[in-house]
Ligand SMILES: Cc1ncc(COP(=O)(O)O)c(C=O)c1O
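Let's start with one chain on its own, the form predicted on its own, as structure tokens.
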């Protein structure tokens, strides 16, 4: 036990010890960008489903007893909604990401991945039999150079990216990346975790206008959709291969039927209530004039403070002032890039944003940042 105590003490000395706490204050940290988790339609649907006798749990894996009607209905709807041939629903986005990389690339393949890609993708890549190449963030030249080096030796090339990067809030150049993928006969894997429900003409993600030629998309359901799970969209062959080879899918109890049912309703709400996305983009535009940052690309606004201690101190001061915001430190972000991750949502008023900006600016001045 001393070994574990020493490790915990080291985390504490490095200002990297984490602990669990309940949300408190005005929300500047959750991924509930559209205020969906408390949507009255979802609440009403959940109550009605319980009263109608919908099972609380699935009772087994999807390949055994747990393949419920609600899972099938969601997947059929999601494939039509996102424009793919087929879709597969996982309990979490993390599970879906690890499944993609564990199951699809083989030892004869190569995965090219963005240096800032999410930890779930990294874990999946680490568990893959394929070789992997890390490239500079959002660098098209680096991507093409890597493609040129391996195009004649790899059986299949996979390019792994996020559409909206979870800690930096910047956007991937998807059209150019898809062109590269097509030119080099590669498959582009797009994690739409922070794009689904928000970007695209109708909220289907930053990849909404792309054809499903050479791409796989992952749509996380626990962020802008307000529920939980992850939906992988792609060709029939890709989805059928995941069903047959993805260990996180095969050996996990299926998501609760209620979760799948509410996720389908959440997609319908996104379709029917575009005013939610419109309001969020109005807040993003307002924050471009209010917040002390040089560039805002999305609902995720990083305040890079570099030093872990400074990030913790400012976060604590803001929390004491009534704002729910947290310091993000390595290994969640690269070394020397500790930050506050401001997460915008439609429940934030102009008054709240102005007061928050003043409080934040005062603390940055005190730290001479």
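Note that this is a predicted model, so its numbers are computed, not measured. Positions refer to the first chain, counted from 1.
The same protein also exists as the form predicted together with the named molecule; that form is not shown, yet it is the one meant from here on.
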Looking at 84, 166, 214, 128, which has any heavy atom no more than 4.5 Å from the named molecule in the model of the complex? 166
Which residue among 276, 118, 71, 264 has a heavy atom within 4.5 angstroms of the named molecule in the model of the complex? 118
Residue 248: touches the named molecule in the model of the complex, heavy atom cutoff 4.5 angstroms: no
Tell me, yes or no, whether residue 93 is in contact with the named molecule in the model of the complex, where a contact means a heavy atom of each within 4.5 Å. yes
Would residue 229 count as touching the named molecule in the model of the complex under a 4.5 Å heavy atom rule? yes
Would residue 220 count as touching the named molecule in the model of the complex under a 4.5 Å heavy atom rule? yes
Could you tell me which of 235-243, 264-272, 173-181, 188-196 sits within 4.5 Å of the named molecule in the model of the complex, going by non-hydrogen atoms? 188-196
